[in-house]
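For this one, two forms of the same chain are given in structure tokens, first as structure 1 and then as structure 2.
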Structure 1
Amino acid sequence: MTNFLKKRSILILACVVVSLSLMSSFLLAGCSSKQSASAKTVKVAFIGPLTGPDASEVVGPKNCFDLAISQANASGKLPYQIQSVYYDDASNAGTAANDAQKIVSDPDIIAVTGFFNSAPCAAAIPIFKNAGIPLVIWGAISKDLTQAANMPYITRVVPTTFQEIQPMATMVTQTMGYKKWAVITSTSTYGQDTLAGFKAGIQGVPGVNIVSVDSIADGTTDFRPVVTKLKSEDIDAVFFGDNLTEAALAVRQMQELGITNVLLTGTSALTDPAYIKAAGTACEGMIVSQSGEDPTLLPNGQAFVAAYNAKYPQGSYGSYGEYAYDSTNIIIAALDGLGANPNPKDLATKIAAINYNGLLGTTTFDANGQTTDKLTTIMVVQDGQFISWDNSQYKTGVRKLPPV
């Protein structure tokens, strides 16, 4: 009898659950059907670490992307309004691969611009390439991302780490004559890439050699064992290939252990006031290279800065904003003339062959899809500020770098 009662109550329970569920699923279906009713749309996707450790770096590029899209929509030169969609890779390669799968499954998305980090970019490239969706990279600078095999789908407007480090490496080794080098870098993608870039940069300069290379995991705070080792090796200069925090700590610990008469060099990852704040006086006289140029000094820069400041009164365009702006405008320029129903494959071919005169000068892509515009600036820390090498007191000789 009790058994029977139990079974009945299960039956009732199950019925209640089923009916409740049915009701709510109909409600949900009603909600979702309202959204999907629109004409032929053309979407351009922006992908980057909108959240996570690098989120603050991507605010500027994202604004610049929005700025370029809204300018194009306002001008009315295209027969449709471009819709912008955003994907967040959170600096994580796995997330980026998933995002890329979502992007290629959406038939409305015609082109993508994106990536601040190289590892997520590398993860997504095969997916875009297989699906035939053009990707214009504005921020990821690992050399191998652009390859002839990926053409015409993958192009990049920003110089690679190799192109970025080359002028500085030549200057400090050939012109200034620093011979014995040590490298402190990170085990991350970025660290290994800058290491390769630096090796390539000093290759062929007679007498220059690297006596030690230390790759240290990101998040390490104690660099003293490595620094102590360097102290015994009588080096002329150190190249830092890792990120801001790690480089700042290593530089400080070098000062603390009394290694003060060596030249310090680094990558564009360090050109941030936060780095100088963290490293303190230890980084005085450090030389770094940075791709691009201050937009206000560029021929088309004034108009961009004015438009940006009008739309985003607070917040800067960041180190890569100019590249995001140009990459978006290249997509828009290529869309012009493809009619009301553009095809990603035609678009990719057109982007690869483009000759675009924009913010950063004239952009064309070589056989690998890499920009031929290699604008870089060498900077030096003087009185706690990054200033251009050409304007510095170190160049004029008022201040002295460590002896060779």
Structure 2
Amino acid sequence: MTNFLKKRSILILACVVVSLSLMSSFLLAGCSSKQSASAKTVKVAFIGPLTGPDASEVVGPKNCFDLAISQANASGKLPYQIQSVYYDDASNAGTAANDAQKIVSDPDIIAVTGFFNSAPCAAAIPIFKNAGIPLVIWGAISKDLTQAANMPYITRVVPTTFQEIQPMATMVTQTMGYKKWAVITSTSTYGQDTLAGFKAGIQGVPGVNIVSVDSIADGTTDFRPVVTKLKSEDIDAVFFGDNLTEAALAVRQMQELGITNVLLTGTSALTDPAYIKAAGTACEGMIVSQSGEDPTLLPNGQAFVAAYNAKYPQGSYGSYGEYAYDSTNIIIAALDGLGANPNPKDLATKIAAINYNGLLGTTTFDANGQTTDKLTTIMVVQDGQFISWDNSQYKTGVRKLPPV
């Protein structure tokens, strides 16, 4: 064979080897691509007002959601890592509906936990239900959000407005004797629900009279017209059924106008430390009804508080943080046992039937998807912080509330 033919043969052989090598690489890449495509990415969504007037109240719940997800991923109990995704409803029903459409359009989102406000929650519920995506509610408390028709897809870990407010309303009227009331509430669904809950709590208590009701739009900053009117009314107590920012402004303006000798009461939305910071000394002695119990007094509470403080040393878990934490962990617990490729329908069924021992104690859901845990705690502001009424100097009489 000539040198030319030898060189040509070597060149042809080299080309064949290169071609086979490239083909092998393409086949391997194709197999790798198929494996990657078949691997399940599991996302869990958090939705709430991350911006706007209620954003400060959702920092804690979002942190608690993050904490639960990070703990689950670190544990290695599930055959995948959970990816957190976040949606901002800005306390707006239309925005919440748009967010819900985006969520159900993502095939990797298997469950959702939210909301802070009831109106956005109500707007999103039909979308999640129709798409078969489970939603576990941690904050919105309108009683109509959980219904048998929405099961098993819609459940809620927090007590309703009525369950939360009634014990406090009964105590301050029937036991403590405050009879003449002014109500300042929001025009929102939440505000009107709190008004209905307060009325239900005082129903049947002899001599109780609601002297006036003022419903104020969220975002209001000037309460002086309402507060000035209160000066001319014969009242001995005020119930606030609105959110943190508005209630703080209202009580400060009451103090500025000299209305300091009436009992102040409110809802769990005010138990965030941000409320006391905003209201200042004007809210000393204020009584509110808080869903649940102080986590430090609960069986699993010490571990939760330690883990939260380690991850967020400068932050508070807020009024609904423990509910966001348990709602997320309920989703995680229900995922356990569904394999590497869980589907939302099976997950929803497991959530609805769960018997979960968590931070809040044992959580189960009734036929409407509402938690059977109705624990509420009456709190009072003492020395610039909310403490349990039962542990306060106001209950023992060492400190005095405004006279009846």
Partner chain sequence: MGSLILSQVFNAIMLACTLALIGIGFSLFFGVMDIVVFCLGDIAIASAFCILGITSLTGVYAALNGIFPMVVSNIILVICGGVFGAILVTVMYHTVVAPFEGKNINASLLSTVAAGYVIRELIGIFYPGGRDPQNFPNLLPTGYLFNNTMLSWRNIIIVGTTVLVLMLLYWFVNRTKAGISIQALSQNKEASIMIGIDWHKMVIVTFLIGGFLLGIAGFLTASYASTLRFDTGSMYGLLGFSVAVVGGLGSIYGALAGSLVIAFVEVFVTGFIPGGAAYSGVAGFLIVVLFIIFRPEGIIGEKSISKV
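Here the rigid core means the biggest group of C-alpha atoms that line up within 1.5 Å when the two forms are laid on top of each other. This one's a predicted model, so the numbers in the text were calculated from it and none came from an experiment. Just so we're on the same page, residue numbers count up from 1 along structure 1's sequence.
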Problem set entry | Structure, 1 versus 2, that is the form predicted alone | 2
Problem set entry | Of Ser70, Leu375, Thr349, Asn130, the position at the hinge that separates the two rigid parts moving between structures 1 and 2 | Leu375
For this session: If the chain moves as two rigid parts between structures 1 and 2, put down the smaller part's rotation against the larger in degrees.
Result: 18
For this session: State the core-superposed CA shift for Leu263 between structures 1 and 2, in Å to one decimal.
Result: 5.9
For this session: Quote the shift of the Cα of Ser215 between structures 1 and 2 to one decimal place in Å, the two forms being superposed on the rigid core.
Result: 4.0
